[in-house]
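This document opens with one chain alone, in structure tokens, the form predicted on its own.
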Amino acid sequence: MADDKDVLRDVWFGRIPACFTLNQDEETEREAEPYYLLLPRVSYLTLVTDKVKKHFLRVMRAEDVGEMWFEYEGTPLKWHYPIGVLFDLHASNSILPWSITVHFKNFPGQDLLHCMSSSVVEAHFMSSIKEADALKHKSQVVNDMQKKDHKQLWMGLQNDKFEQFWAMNRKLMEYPTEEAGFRYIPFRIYQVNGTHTSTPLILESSQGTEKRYQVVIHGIEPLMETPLQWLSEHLSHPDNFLHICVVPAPSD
């Protein structure tokens, strides 16, 4: 891949300031103060919120604590979506810090997957990497890796270690010099209404004046002429997928 480490570093260290508040229906022994945290865009909520959980458990009784989950303005936040995707999809036009509500009861099993430990996140993450490599290299790179190499990818993400992660992930971003790029570009597209194909999208009218939606990756709107291969190499999340949000264009 093209060596543009500054871009990779900027993507990795992207942060979203967030304010976590306990849902008012939770039973507490005293008032629960909000908790502030800088969230890494490329990680997952359940992976970086141990401090949030410990903060609120101080004011709660053990018998009142169930599985922790999060919501924003009534929408449960899916932990298996990268944090940056959740923000771009639901809160990109909101005032910072991002206001997230914390729950410990009434888990919405119809909307969210259960996640009782970091091993569940690891399994999801590694499954996504393997899926991406199947598209890019017919799974050849992942299959040639040893178990310790897979662990290095995971530990790099879990511990927020850029160099550790990219020392191994670089292999997943390479392709033979005689080829123009990957076999296929792994990507996922998100819309607020949860559909991908049924809603007609008007990105720009024939006159170039109407713009109802914008395409956002890592909080920015890349130029439409940006090569997909470059985007895949530089703006993919650690799971090796491009996560693309199609959101309403902000009104002037």
Partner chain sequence: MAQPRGACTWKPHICEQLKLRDRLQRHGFEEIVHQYNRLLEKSDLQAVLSERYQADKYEVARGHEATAAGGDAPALQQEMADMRIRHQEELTELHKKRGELAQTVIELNNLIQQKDKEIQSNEAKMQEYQQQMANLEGDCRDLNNCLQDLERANQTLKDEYDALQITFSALEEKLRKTTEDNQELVSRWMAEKAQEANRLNAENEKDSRRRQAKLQKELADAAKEPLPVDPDDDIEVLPEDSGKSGGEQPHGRALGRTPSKKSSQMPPGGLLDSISNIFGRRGANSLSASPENSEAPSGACVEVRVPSTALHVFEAHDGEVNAVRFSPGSRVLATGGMDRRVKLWEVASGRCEPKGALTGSNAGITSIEFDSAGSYLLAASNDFASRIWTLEDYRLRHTLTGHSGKVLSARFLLDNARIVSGSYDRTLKLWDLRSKVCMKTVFTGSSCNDIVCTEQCVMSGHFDKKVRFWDIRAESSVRELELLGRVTSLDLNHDRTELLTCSRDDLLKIVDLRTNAVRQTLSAEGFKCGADWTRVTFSPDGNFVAGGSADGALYVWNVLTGKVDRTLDRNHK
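Every value quoted in this text rests on a predicted model; they were computed, and no experiment measured them. Residue numbers count along the first chain shown, from 1.
Although not depicted, the form predicted together with the partner chain is the subject of the following passage.
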Fill in the blank from the handout: Among E63, E27, D50, E33, just one has a heavy atom within 4.5 Å of the partner chain in the model of the complex, namely E33
Completion exercise
Exactly one of A123, L96, M116, L113 comes within 4.5 Å of the partner chain in the model of the complex through a heavy atom, and that residue is L96
Practice task
Classify M68 as contacting or not contacting the partner chain in the model of the complex by the rule of any non-hydrogen atom within 4.5 angstroms, answering yes or no.
Solution key: no
Practice task
Could you confirm whether I244 comes within 4.5 Å of the partner chain in the model of the complex, counting heavy atoms only?
Solution key: no
Exercise for the section: Although the partner chain is absent from this view, report whether L22 comes within 4.5 Å of it in the model of the complex, heavy atoms only. Expected result: no
Practice task
Would you please decide whether Y81 lies within 4.5 angstroms of the partner chain in the model of the complex, comparing each non-hydrogen atom pair?
Solution key: no
Completion exercise
Restricting to 75-93, the residues within 4.5 Å of the partner chain in the model of the complex through any heavy atom are F87
